[in-house]
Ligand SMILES: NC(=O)c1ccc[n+]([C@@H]2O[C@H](COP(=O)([O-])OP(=O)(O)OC[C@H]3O[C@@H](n4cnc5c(N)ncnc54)[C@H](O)[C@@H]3O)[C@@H](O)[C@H]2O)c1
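Only one chain is shown below, in structure tokens, and it's the form predicted alone.
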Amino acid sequence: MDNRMTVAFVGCGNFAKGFVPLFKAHPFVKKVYVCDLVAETAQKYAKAFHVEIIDTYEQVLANPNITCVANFTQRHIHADIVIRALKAGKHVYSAVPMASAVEECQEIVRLVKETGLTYLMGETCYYYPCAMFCRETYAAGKFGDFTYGASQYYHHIDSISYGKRPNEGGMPPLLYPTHSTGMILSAVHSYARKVVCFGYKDRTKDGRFETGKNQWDNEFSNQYVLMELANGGTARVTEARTFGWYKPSSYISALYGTQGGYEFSNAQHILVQSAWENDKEKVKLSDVSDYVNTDGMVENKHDADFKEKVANGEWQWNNVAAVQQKEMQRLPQAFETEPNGHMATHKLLVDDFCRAVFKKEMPVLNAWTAARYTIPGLVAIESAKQGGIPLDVPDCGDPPRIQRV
């Protein structure tokens, strides 16, 4: 009996094209379909990737041979696509964010728990080298008890695909928080209990971040949130769409504990630890850049314009960092000739999902984890609207140890 999965891609935009070849190549996948509201777009995908088209999402849901939905639709409609798929008995791989409302996140968790289906939120930054390094170092006890950390996603609205779409360019930055929250929360294995948020009200008056100009009546182009975590520490997350930093830039800039800390700027990664020498406390500093930067960065670090190239995204797509190598070893051989992306994270995410479905395992970026990465941003939006008042963050709890089938 062939237990391999059949996957239908819903949404054939610019992002999905990096994932169709990976799903096609994975040994646990039997067949891939594509579906898009715009027939011409679906046809381009069918021709480029040699896959079949399904005309409507309703047909996807009704087709008993399709076991999985890969959701690559617009960010603010993810919940509708995912909830309908789960109710139709389909496993779901979804691009970020999980949903646009707390209640939607909770409903997805409820459905996954009720059905035993697999849900995975494809948060690339979970596998970013800085996040992996901080998880590894924290787990080894080198930071001690976590006290404070900061993570951020800087991406100017003019260089985002939805930035110029009518009624969509003014999306609240923290509606899309998981690149930042996913890194810092995964690094210290905790979740947010309370948030307080402020923001920058855009002054360009270009018809995006203005009341009455977008479907959220949102004025904030940048939002900054402090999160009180369950482990007693505090984390700061910044989601910025009008910083003078056009290229996408996601990273943990700082993480501190009672025994050590981590600091990152552009291409330099520093590990600091408390030490004693001659009965005096001192700081032991280690430059771990060659371990955390990608192989392309390490090979070209002596270039005169190295830092400027890094700031403009050079060597940050297919290149792999040393800290990622252990994870890369479990990838299927069929992936070796396939494209990667976003700090070499696409292959890891697709493999996570396919293994979880095929082997009936709980993926690390499951519905419960996705809710913990998404909900703090949604609550923080309300905090900013109300002038920065502290608000409690609902928690969906830990995932069950065993996935029901």
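Keep in mind that this is a model prediction, so the values were computed, not measured. Residue numbers here begin at 1 and follow the sequence given.
The protein also exists as the form predicted together with the ligand; that form is not presented, and the subsequent description refers to it.
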With the partner left out of view, is G13 within 4.5 angstroms of the ligand in the predicted bound form by any non-hydrogen atom? yes
Partner contact for V38 in the predicted bound form: the ligand, 4.5 angstroms, heavy atom: yes
If you check in the predicted bound form, is Y33 within 4.5 Å of the ligand, heavy atoms only? no
Exercise: V96 in contact with the ligand in the predicted bound form, heavy atom 4.5 Å: yes
May I ask whether G149, H156 and Y224 all come within 4.5 angstroms of the ligand in the predicted bound form, judged by heavy atoms? no
What is the one choice in Y126, F143, Y119, F72 with a heavy atom within 4.5 Å of the ligand in the predicted bound form? F72
K301, R193, K247, R165: which sits within 4.5 Å of the ligand in the predicted bound form by any heavy atom? R165
Listed range touching the ligand, judged in the predicted bound form by heavy atoms within 4.5 Å, from 203-211, 88-96, 216-224, 319-327: 88-96
So which residues in 322-346, when you check the ligand in the predicted bound form, have a heavy atom no farther than 4.5 Å from it? H342
